[in-house]
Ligand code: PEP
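Take a look at this one chain, the form predicted on its own, written out in structure tokens.
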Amino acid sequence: MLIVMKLNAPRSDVERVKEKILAIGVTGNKGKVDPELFLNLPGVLEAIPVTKPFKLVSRDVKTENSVIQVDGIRIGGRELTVVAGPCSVESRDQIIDLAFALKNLGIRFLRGGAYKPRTSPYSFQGLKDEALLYLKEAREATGLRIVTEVKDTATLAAVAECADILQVGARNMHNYSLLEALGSVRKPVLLKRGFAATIEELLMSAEYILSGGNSNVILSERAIRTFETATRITPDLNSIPIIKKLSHLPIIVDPSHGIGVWDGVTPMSLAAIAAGADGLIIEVHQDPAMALSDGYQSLKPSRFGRLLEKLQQLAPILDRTLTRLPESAGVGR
């Protein structure tokens, strides 16, 4: 049961509700609790029966789709959201040049890793604070909003000062200290599904953030680990309609990490949107062969532009929209 109090309810009304809850608990009640037991109490606005372990993220609490606002840009509405950029910020010139290229394609969200938690401690870990400075400069120069990963509570303040959307990577989906801290940050959070996590576990991780007071959560299907070795991991597009049924939160798909090969990104992107995703987060790099991380799954801007054209053709078939993009030029990966 979720009890919603009136905005101006005095502390005494809250305490009365708590006493009622304790009284019901003492009786050992194991059945459904009648909402009328609370609706008659002073100060109570709603009493919502909730049958799932995740409450605030569920359709039981909110039947309509949530729309997350980022400087007036809506995520989760009819308009599809596309986030693009390199896995890692590698230099000032790299990220600023790419930001202009993406802006010319109509993109409004730039992704780029500053702090990079990697499987191997010997892999490139990101430029860290230096990368945050370059991302800020890219935003000032182009107006693109920044999406970058926060890997722990120690760096949360620095990353939050730079980012418009804070990304929680797949490895940190179970970092409950970080999730709790993000509950008190009034910025949108992009929460990626762990590669060994169930749908319920993803929604429970989102519940941590919402229960802390931050309702601006965007879910992300990245892919799950299976026995298949031909792809990096396995994109679970099954999860999209299931999550849409269970939760009101928007969900975007990461086809780059899912399939792990650049020539599979376009078909998986189209499939994700067809399955009902609210958007995509795609890795784009000027020179994938020289990328310091995830180059093999990255698209060159020219091929990314052609993907956007296909998305623009697909969107109206699904009763979605995609902001009109200029024609991409050139030939390349």
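Keep in mind it's a predicted model, so treat the numbers as computed, not measured. Residue indices: 1-based, along the sequence shown.
One more form of this protein, predicted in complex with phosphoenolpyruvate, exists but is not displayed; see below.
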**Candidate from 244, 108, 151, 222 lying within 4.5 Å of phosphoenolpyruvate in the model of the complex - any heavy atom** = 222
**Request:** Name the residue from 87, 182, 84, 138 that puts a heavy atom within 4.5 Å of phosphoenolpyruvate in the model of the complex.
**Result:** 87
**Prompt:** Is residue 260 close enough to touch phosphoenolpyruvate in the model of the complex, meaning at least one heavy atom pair within 4.5 Å?
**Reply:** no
**is_contact(residue 116, phosphoenolpyruvate) in the model of the complex, heavy atom dist at most 4.5 Å** = yes
**Message:** Although the partner isn't part of this model, could you tell me whether residue 216 comes within 4.5 Å of phosphoenolpyruvate in the model of the complex, counting any heavy atom of the residue?
**Reply:** no
**Prompt:** Taking heavy atoms and a 4.5 Å cut-off, does residue 283 contact phosphoenolpyruvate in the model of the complex?
**Reply:** yes
**Answer range among 123-131, 73-81, 165-173, 93-101 for contact with phosphoenolpyruvate, defined in the model of the complex as heavy atoms within 4.5 Å** = 165-173
**Message:** Pick out the residues of 1-17 whose heavy atoms come within 4.5 Å of phosphoenolpyruvate in the model of the complex.
**Reply:** none
